Ligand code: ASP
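The chain below stands alone and is given as structure tokens, in the form predicted alone.
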Amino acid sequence: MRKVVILGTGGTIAGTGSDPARSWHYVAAQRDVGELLAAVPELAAEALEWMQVAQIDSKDMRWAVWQALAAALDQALARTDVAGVVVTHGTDTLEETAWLLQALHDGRKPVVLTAAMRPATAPDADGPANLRDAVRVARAAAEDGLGGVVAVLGGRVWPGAAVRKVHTLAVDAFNGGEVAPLADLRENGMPCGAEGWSRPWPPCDGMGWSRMSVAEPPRVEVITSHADADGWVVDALCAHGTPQSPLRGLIVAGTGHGTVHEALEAALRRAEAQGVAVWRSTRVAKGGVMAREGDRWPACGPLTPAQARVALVLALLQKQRPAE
């Protein structure tokens, strides 16, 4: 039996608290992956191997951790004895990491992210079930010849490019925006064969793990359009830049279908004149921003502002490559 490799990055799934009655009062990233696996007896017979890549609260996700994760994935996925990889993660930035991985991965093997809304010490901890499901999904996908990036949370399998956090407290805190899950383990059990999945896994972009080799990514910030948005933040960001770390891009979380306050738009035009790339997303939960004739700035489609920021970082890195 080929192995499933578990890569740990911390998060609530590895968190602990001193009072089980107050599950919200805990410290994230306290238990390693070995301890998490020990709490899932259903996985005892699985061929598993684990590695602690990082131990952070995912609100503190940063480029260096993504670099370490990309390197670990590159090594694990290249091994002939590995069927797939599971990544344990925090919920706060899972949608960003998932989007990044699907952009980099070649899609030949399954990569499954999982997380938890309750710490490991909570009486209603959801981490053990999510970890069990993630390992089993990785195994089932490998047996079905499927590859790509998905997230397994609350008994559902979400495409990595679409998954996003939509609730701050509920155990069932994720969905795929306008995209349906690839499988619902709660209703249909573990998928098996083509008929077990709602549709084929979406393809990855295959940019390659080496895209993460730069020491620092291009600086891209997210700003929001709102009542009284006068562009002061944009001007300040442009003024704050240094030759070593200039502002390279802005994601605007616009109102409605990516609309922008007129005063903020004027500031964005000034930033654009200085060479800053501007992309439009939306602060609205569903629908995204679709490209339309006459648009001044590119639309980010269904991406959340956080996902769009990752996409723009990678796009700017792509432009840098000929000079490398």
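Just count from 1 along the sequence shown to find any residue number. This structure is a prediction, so every number in the text was calculated from the model and none was measured.
Absent from the display: the form predicted together with aspartic acid (ASP). The rest refers to it.
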Is it true that 26, 90 and 116 each have at least one non-hydrogen atom within 4.5 Å of aspartic acid (ASP) in the model of the complex? yes
With aspartic acid (ASP) left out of view, which of 57, 32, 42, 49 would have a heavy atom within 4.5 Å of it in the model of the complex? 57
Do residue 307 and aspartic acid (ASP) come within 4.5 Å of each other in the model of the complex, heavy atoms counted? no
One stretch from 269 to 277, 57 to 65, 283 to 291, 251 to 259 that, in the model of the complex, holds residues within 4.5 Å of aspartic acid (ASP) by heavy atom: 57 to 65
Contact check, 210 to 236 vs aspartic acid (ASP) in the model of the complex, heavy atom within 4.5 Å, ordered by sequence, gives none
